[in-house]
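Just the one chain here, laid out as structure tokens, in the form predicted alone.
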């Protein structure tokens, strides 16, 4: 059995709801999808028992009817575990993972600024990557986002 298969077997024996939801598309790549409520226990187990000590990044996806976020974890031996969660587009709430990865704060700020996610437990801090004067409620990585045209209207009135 490969190391990836060992990890799948370990995860499904610990979390029965993952049965049939873990995909290994090629060596050193493992993908799974779960509900946001199950993220913390799976993440904790992956970090503490399966030796995934590195958070590579968090990817945000606008899938039209929902927003999804993929947490990319890595082992020292090069295996990547990609954990996907999806939340309602109208109420995109997720919990911070900074207790496991303090460096996740910067990625979570991106999810707030660019997708409008509400990250519960994210410490107060500066906006990132948008500027402090960026208009509230404008999330440029959402597919339905359109730039505010007020500045364009003012310019056309002066022409």
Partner chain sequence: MHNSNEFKIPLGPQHPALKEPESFSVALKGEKIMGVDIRLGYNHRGIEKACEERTYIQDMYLIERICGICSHSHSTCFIQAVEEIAGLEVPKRALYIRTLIAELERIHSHLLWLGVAGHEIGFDTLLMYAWRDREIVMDMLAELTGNRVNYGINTIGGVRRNITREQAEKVLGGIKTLEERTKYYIEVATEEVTIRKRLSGVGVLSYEDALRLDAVGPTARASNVNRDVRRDDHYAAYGDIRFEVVTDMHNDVYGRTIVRVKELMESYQIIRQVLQKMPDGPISIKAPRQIPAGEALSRYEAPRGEDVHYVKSNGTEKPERVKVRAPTLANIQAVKHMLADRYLADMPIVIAAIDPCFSCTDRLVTIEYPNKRKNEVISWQALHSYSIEWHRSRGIDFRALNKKFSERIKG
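Only a predicted model underlies this, so the values are computations on that prediction, with no experimental measurement involved. Numbering follows the first chain given and starts at 1.
The protein also exists as the form predicted in complex with the partner chain; that form is not presented, and the subsequent description refers to it.
> I'd like to know if residue 145 sits close to the partner chain in the predicted bound form, meaning any non-hydrogen atom pair within 4.5 angstroms.
Output for residue 145 is yes: heavy atoms within 4.5 Å of the partner chain.
> Hey, in the predicted bound form, does residue 38 get a heavy atom within 4.5 angstroms of the partner chain?
Answer no; every heavy atom of residue 38 is more than 4.5 Å from the partner chain in the predicted bound form.
> I'd like to know whether residue 103 contacts the partner chain in the predicted bound form, with contact meaning heavy atoms within 4.5 angstroms.
Residue-level check for residue 103: yes, a contact with the partner chain.
> Can you tell me whether residue 44 touches the partner chain? I mean in the predicted bound form, with a 4.5 angstroms heavy atom cut-off.
Residue 44 lies outside the contact set for the partner chain.
> Enumerate the residues of 27-41 that have a non-hydrogen atom within 4.5 Å of the partner chain in the predicted bound form, in sequence order, or give none.
Read in sequence order, the residues that approach the partner chain (within 4.5 Å, in the predicted bound form) are 28, 29, 31.
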